[in-house]
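Consider the single chain below, provided in C-alpha cells and representing the form predicted alone.
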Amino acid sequence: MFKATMTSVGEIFMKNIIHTVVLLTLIGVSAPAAAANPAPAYEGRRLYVSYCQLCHGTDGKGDGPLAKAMKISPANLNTTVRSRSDTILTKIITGEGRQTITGRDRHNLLSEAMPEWKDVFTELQVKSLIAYLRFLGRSKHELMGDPEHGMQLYQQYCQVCHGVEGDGDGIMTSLMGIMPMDHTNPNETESLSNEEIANSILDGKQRFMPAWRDILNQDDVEALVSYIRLLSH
C-alpha cells in the first residue's frame, strides 16, 4: 500500500514537471533566445532552393526544370558529392582555383553550364551549401516537410530541453536531471526513421518526452522531423 502510494506520488510529480515544460514552451517564459546562427545544412538548404534547385532538382539528381529547358545535364549530387572533398567542392561552386588532381578549371569540371558563384556566396555560405549537399549525398532519409517551419516550432517547443543548437543542453535539463537526445549527432538520428521520430513527437517517449499530439498537427510534426534531420549535418 505504501509502495503504491509512493509510486502514485512519483507519477504525479513527473507529470507536473512535464506540464511545466509544456507551459514554458507555450508561453515562452525563461526560454533562451533563438539560435543566432542556424545549422549549416539548414542555411545551405535555403541557398540550394534559391540558387541550385532549378538545375539540380529538388533531390539533387540533376533533373530540375531549368536543366530540361536548357537541355543540359547537371551532375547528380547524390553521387558526385560523395567522392569529393570540401576543398574541391568549394572550388567547383566558386569557380576559383584549379582541380589539384586533373588540373581542369572549376567551371568546366562538372558541366559547361555550371555557373561560378564566387561573387554571390560568402565563404560561410559556401560551407553551409556544402553541408546541405552532404546531407543529400549521405542521409538515407528524405525531408518530410518544410524545415523552415520546423525551425520555428523547434525554437518554440523543443529547445527548452533539447537546446538552442539541438545538442541536448536546454535549460530544463539540469532542473529535471535528464539527457535529451542530441539532435546534432547523426549516429543518434540516422538510425531512426522519419516515422519513428514523428511518433516520438506525437506520442512522447519514456518518462520525460511529452506527447505533442494535441498541440501539433501532422504538417507541424513533418516540418519538425525535417529540421531535426538538418541539425545533424
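Predicted, not measured: the structure shown is a model, and the values here were computed from it. Position 1 is the first residue in the sequence shown; the rest follow in order.
Unshown form predicted together with a small molecule; subsequent notes refer to it.
**Student:** Taking the small molecule in the predicted complex as the reference, which of Leu143, Ile93, Met151, Leu136 has a non-hydrogen atom within 4.5 Å?
**Tutor:** By the 4.5 Å heavy-atom cutoff, the listed residue in contact is Ile93.
**Student:** According to a 4.5 angstroms non-hydrogen atom cut-off, is Gln206 in contact with the small molecule in the predicted complex?
**Tutor:** Yes, Gln206 sits close enough to the small molecule in the predicted complex that at least one of its heavy atoms falls within 4.5 Å.
**Student:** Please check if Cys55 has a heavy atom lying within 4.5 Å of any heavy atom of the small molecule in the predicted complex.
**Tutor:** Although the small molecule is absent here, Cys55 would touch it in the predicted complex, with heavy atoms inside 4.5 Å.
**Student:** Should Thr184 be classed as touching the small molecule in the predicted complex when contacts are defined as heavy atoms within 4.5 Å?
**Tutor:** Outside the cut-off, so no.
**Student:** Since only the chain is shown here, I'm wondering whether Ile201 would be in contact with the small molecule in the predicted complex (any heavy atom pair within 4.5 Å).
**Tutor:** Heavy-atom contact with the small molecule at 4.5 Å: present for Ile201.
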